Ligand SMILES: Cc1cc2nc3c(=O)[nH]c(=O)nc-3n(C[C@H](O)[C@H](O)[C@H](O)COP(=O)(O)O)c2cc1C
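Given next, in structure tokens, is a single chain: the form predicted alone.
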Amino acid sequence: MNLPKLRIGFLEVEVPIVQGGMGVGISWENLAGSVAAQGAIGVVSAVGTGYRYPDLVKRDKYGRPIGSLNAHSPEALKKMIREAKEISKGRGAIGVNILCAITDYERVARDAAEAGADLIISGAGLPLKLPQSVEGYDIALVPIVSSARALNLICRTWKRKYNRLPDAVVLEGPKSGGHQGFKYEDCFKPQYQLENLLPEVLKEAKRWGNIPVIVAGGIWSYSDILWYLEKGASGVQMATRFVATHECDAPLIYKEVILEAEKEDIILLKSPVGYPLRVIRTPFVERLLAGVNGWMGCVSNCITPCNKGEEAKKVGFCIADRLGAAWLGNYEEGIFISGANGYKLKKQGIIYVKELIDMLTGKIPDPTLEDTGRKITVS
């Protein structure tokens, strides 16, 4: 079965797959450009871009960018977007994922628009002011939500204040990597699982003019994609599967950590952002769970909910520091993120993006497949 094209506002791509944004340094120009070159949507993460080009920013002795302007560097982000577009050779689309929680959110959104990104995907909070930040630019806007209520609030606010609506919406369930839009205990309840959230969000999206709904969080295979498309989704967003590709911007140690992870190694932590954070058990995480506080002081002032390090001090780590350490290849001190299904990657190993897209579109066998029990009608 050929998958349908994905339309988001003025954009149309051949493959209805969005590669999820992964920071720090997991999805930057190489991965995003390579995914787009296969006709899908490649996404550059706007988090911690200062780590990518050290010569462009001011850093401390540990390599940490100093201040939010260096942590979320406009020069670095713009360079990544331009290079991703070159790699894509005009196919697919290049998006930017921007966490609502980052410091200088409005400035970073405008940086992305100025650089020519095709779309902005934004979550970890409600992007209620996003249209204002990119006024005057022809760019698609895609908020991430975890409920129909959140979508309703965004639509009402955008329509009233800016006379526009989202070009699409990402509904993210609680099996994704990184930050979750749910309380810890809710991540495990049936009513908050992606398949059970989808009907109400589709209904809400239809009320506002059939906004395309893209599902995320635990989507793994071609059969998953078919199942959700049959249920009414317009596309899927996937992140963890793209880590185990040669083109992924992550260092080799990051890919090896995921490939070696067992199911029980992938856990939820309390994050300075205030949301549960899904990570892999590694030496730093083990020390954190044992009660060791690994906070090293606030240098980057990267996210507003952290209150310049106060929340990081409480939970025992700075998310930017630890993701930055992982990007720099420091296994002992880094935090390594994975979706709930990341342990399945050991059956696959590191492959090329083209091979992965071929698996996800049903063209070649997928060695990671397990029987989900879902019944799919192929027409």
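Each residue number is its position in the shown sequence, starting from 1. Not measured: the values here are computed from a predicted model.
The same protein also has a form predicted in complex with this ligand, omitted here; what follows describes it.
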Q) Quick one: which of 29 to 37, 53 to 61, 350 to 358, 330 to 338 gets within 4.5 Å of this ligand in the predicted bound form, going by heavy atoms? A) 330 to 338
Q. Is there a heavy atom of M238 no more than 4.5 Å from a heavy atom of this ligand in the predicted bound form?
A. yes
Q) Does K175 make contact with this ligand in the predicted bound form, using a 4.5 Å heavy atom cut-off? A) yes
Q. Quick one: is M22 in contact with this ligand in the predicted bound form, heavy atoms, 4.5 Å cut-off?
A. yes
**Q.** Partner proximity in the predicted bound form: A84 to this ligand, non-hydrogen atom cutoff 4.5 Å
**A.** no
Q. Do all of I94, I139 and Y228 end up near this ligand in the predicted bound form, with near meaning a heavy atom within 4.5 Å?
A. no
Q) Just one of V108, A216, A233, C306 has a heavy atom within 4.5 Å of this ligand in the predicted bound form. Which one? A) A216
Q: Could you work out which of V279, L151, I211, L99 is the residue within 4.5 angstroms of this ligand in the predicted bound form, going by heavy atoms?
A: L99
Q. Quick one: which residues from 252 to 270 get a non-hydrogen atom within 4.5 Å of this ligand in the predicted bound form?
A. Y254
